[in-house]
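Below you will find one chain, with nothing else, as structure tokens; this is the form predicted on its own, and questions on how it binds or moves follow later.
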């Protein structure tokens, strides 16, 4: 038998096998695409997982009962930070799905704020991420003598009157600030965090 005939017979015998392999590959690709789409959908943020959005109100983190939007008068003057969560009032949704959306609020006499700080405040109220930039613990305390917010884990301190600058401790970067405005007396988110909240990897 000549070589051409041998090749034809071999190709003919292989054809069903090759077709099966091609079909299997196509099916695998189709499944991969479907799974990829499903995974992308699963990874998409739910509304409650989103960080504070422009227009959100702020509500106390530990409040029981229906959420009540905070007003400047609800924040003690130069005292322990008030822990808050963003609240989408139109959807009656508290954005509590991610701790990176947590906020701390402090109030100062507006006359004591420099122009830049006053521009991102609402009636003297300043907002910062509640998540320490060192190892992700929570910034929750106030050092009145040192004029700094601080984290109990490793005692990193941040100056609320200087854009959250680090004044002591191991934190390597400032605490992200959140611009606010006032609408009908309520504290309203006016924009995004100044930088990504939490620990910056790498």
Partner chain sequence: MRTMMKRTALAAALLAPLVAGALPAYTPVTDARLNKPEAQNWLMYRANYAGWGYSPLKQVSDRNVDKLQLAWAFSTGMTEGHQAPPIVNNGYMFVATPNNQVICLEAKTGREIWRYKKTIPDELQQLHPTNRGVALYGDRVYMATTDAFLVALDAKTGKEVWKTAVADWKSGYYMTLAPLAAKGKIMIGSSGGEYGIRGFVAAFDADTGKEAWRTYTIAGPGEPGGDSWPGDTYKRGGGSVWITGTYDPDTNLAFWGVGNAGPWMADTRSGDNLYANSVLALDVDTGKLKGYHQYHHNDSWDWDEVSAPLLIDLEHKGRKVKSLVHAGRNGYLWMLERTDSKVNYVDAWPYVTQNVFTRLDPKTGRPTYDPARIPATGKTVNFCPSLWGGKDWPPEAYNPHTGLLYIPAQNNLCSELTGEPVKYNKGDLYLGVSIENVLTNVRMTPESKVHIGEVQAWDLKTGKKVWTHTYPEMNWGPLMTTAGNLVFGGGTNDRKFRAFNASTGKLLWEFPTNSGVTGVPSSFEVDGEQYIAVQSGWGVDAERMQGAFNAVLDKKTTVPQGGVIWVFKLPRK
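What you see is a predicted model, and the numbers here were worked out from it, not measured in a lab. Numbering follows the first chain given and starts at 1.
What comes next is about the form predicted together with the partner chain, which does not appear here.
- Residue 83 belongs to the set of residues with a heavy atom inside 4.5 Å of the partner chain in the predicted complex.
- At the 4.5 Å threshold, heavy atoms of residue 154 reach the partner chain in the predicted complex.
- Although the partner is absent here, residue 99 is a contact residue: one of its heavy atoms lies within 4.5 angstroms of the partner chain in the predicted complex.
- Interface residue remark: residue 159 is not counted as part of the site for the partner chain in the predicted complex, having no heavy atom within 4.5 Å.
- Only one of 136, 47, 172, 54 lies close to the partner chain in the predicted complex, with a heavy atom inside 4.5 Å, and it is 136.
- Considering the partner chain in the predicted complex, the lone stretch of 172-180, 159-167, 136-144, 66-74 in range is 136-144 [heavy atom distance within 4.5 Å].
- Contacts of stretch 60-77 with the partner chain in the predicted complex, defined by any heavy atom lying within 4.5 Å, are made by 61, 62, 64, listed in sequence order.
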